[in-house]
Each structure stands twice: as C-alpha cells, then as structure tokens.
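Only one chain is included here, represented as structure tokens and corresponding to the form predicted on its own.
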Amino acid sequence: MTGDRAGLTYREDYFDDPGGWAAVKALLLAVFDVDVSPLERMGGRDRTLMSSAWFDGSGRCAANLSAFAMPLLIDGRPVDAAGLQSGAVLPEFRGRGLFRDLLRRTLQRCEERGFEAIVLYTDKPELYAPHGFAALPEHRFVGPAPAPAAVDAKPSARVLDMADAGDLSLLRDLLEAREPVSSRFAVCRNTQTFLLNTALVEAVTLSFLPEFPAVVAWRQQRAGETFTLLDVVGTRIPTLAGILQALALQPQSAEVLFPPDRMAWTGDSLAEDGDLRFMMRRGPVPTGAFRLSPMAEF
C-alpha cells in the first residue's frame, strides 16, 4: 500500500555506523550487483554524502538515496552541483512510496544546502522527470589519432597498481589537485567516485605520466587499432599526442570519452545509445556536445 511505513524507521547520514554502512552495501549488492567494498581500502566514503534511508526492524536497509557534492565546470563556469546516487529499494518493499519519499527529502536537503544544479544517471528517467529533471544527450568523440611528435620515442609512462599503497597515494594526491579535464563539461573534484570506478569500470588501464604529472585512464580496442581515453587526472592536462607518445602507442584512430577541448585534437561527436541517461535539474546546460568521463559516472 502506497505510503505504508509500518515496521520501518527513517534515518539520515548513517555511514559512520558500521551496521548502517553494511546494510547499504548489502542493498546495493542485492539490487544492482555492485560491490562498493573497495572504497574501504581507498580512503572510505565521500565525506560530503547526505544519505536518507528507511530501515526495517532487523537493521536491513529497505530503501536508500544519497546525494553528494559534485562541483562541475560547465562552459568555463564553476557550478556548485550535487549528484544523486545509490537510489534503491529492496523488492519486497516496493510499491509503498519509499523511493518517492526519499527523493522528496533528498531534494529538500539539496535545496537547503544551496546546490545550483543536481545531476544523476538512471535507466528510468520517467521517475525523475516529474521532479524537474531533464535528460541531456551525451556524446563520445572519435577521429584519426594524432601522429606522435617522435616516432622512435621510448615510453615514459608506467602502469599504476591500485593494490600498491604508494600508487594509490599518488593517484589520490592528483585527484585532490586535479585540473578539470574539459572546460566545456567536467567534474572539478570526484576523488572517491574515481577511485571506486578503478574497480568497477571494465578493462581500464591507469598509467602515470611523470612529466606532467598526470594519470590517464585508457584502453585499446581492435588489436590496438583504436585508442580510447576515458579520463585524465593531473595538475596540467597533456595533449592527446603527448599521451600517445608517453605510452609509446601509434593507433589508427582515437576515441575520447569526454569533451576534448583541452586535447589539441578534434573528433566527430557521436551520440551515446546506452540504457543509462544523464539528467540535470536546473543549472546551466552545456552549449556543445559533452560526456561525463566514465571514471566520473556514479
């Protein structure tokens, strides 16, 4: 029955409670088959999280929705934005209006915090459209790969090992001091999200380029013919040609999964056609084709 809260208790900001954190992990694993446990060895959760949930009498998290600070750069302007994530309801508690209640509460908390914009990813945009969210199409950028400046250059990059404490610390430091990868649309800070995605995003290689310094997230396809760049984390953004030279790669084509306006390279924009939709509530809309890096998805 819609609105039925019998046997349930509402709680906020419970992640510092080991039982609450364990219950949310179990909920996300049950509903999405996503294990967020890697965060525990990567510095813990994002301390900006505002979480709202309904718990049952046994301590299970029946329904959850979280918001977190996600500062953006949109067309060169800093935007104080929030991201919504971890919206889930256990199957046996659906149809009772729990998610609608949590969405209302979370949006109110974001309003009180003064966020200029709120963004999210969902495969059910119809749930959010009545609350002022609009779906914005994302694009990837493809084209011929730039020629390396020196054909016989030796690689200067090395692959990071996220199980190594030194490499993890190096990446965390760069994430905290990072330059946005794009002026058109990019996150300004997303340390915990990026770190978790190193464990969740498939077939991604992280390489450290000491001359910038920067870490690039990348993969190769079609026997090395196509180079895909997922993200760049650094205090200075290298060009695409500089990245390929540091990696000692000479692919035929390149695919960049964020606006490449800082790459000294231009590709054709192709609309993404996946199930997930990027949605925004208020805030400035990018004037050109854009995509949030897969390492920033949440």
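The first residue of the shown sequence is 1; numbering continues from there. Treat the numbers as computed from the prediction; the structure is a model and nothing was measured.
The same protein also exists as the form predicted in complex with a small molecule; that form is not shown, yet it is the one meant from here on.
None of R113, K124, R104, R158 but one reaches within 4.5 angstroms of the small molecule in the model of the complex through a heavy atom, and that residue is K124. This chain is drawn without the small molecule; in the model of the complex, the residue among L195, A145, V89, A117 with a heavy atom within 4.5 Å of it is V89. Across the options 40-48, 25-33, 230-238, 256-264, residues that bring heavy atoms within 4.5 Å of the small molecule in the model of the complex belong to 25-33. Interface residue remark: R96 is counted as part of the site for the small molecule in the model of the complex, having a heavy atom within 4.5 Å. Although the partner is absent here, F133 is not a contact residue: none of its heavy atoms lies within 4.5 angstroms of the small molecule in the model of the complex. Although the partner is absent from this view, Y128 contacts the small molecule in the model of the complex, with a non-hydrogen atom inside 4.5 angstroms. Within 4.5 Å of any heavy atom of the small molecule in the model of the complex lies no heavy atom of R77.
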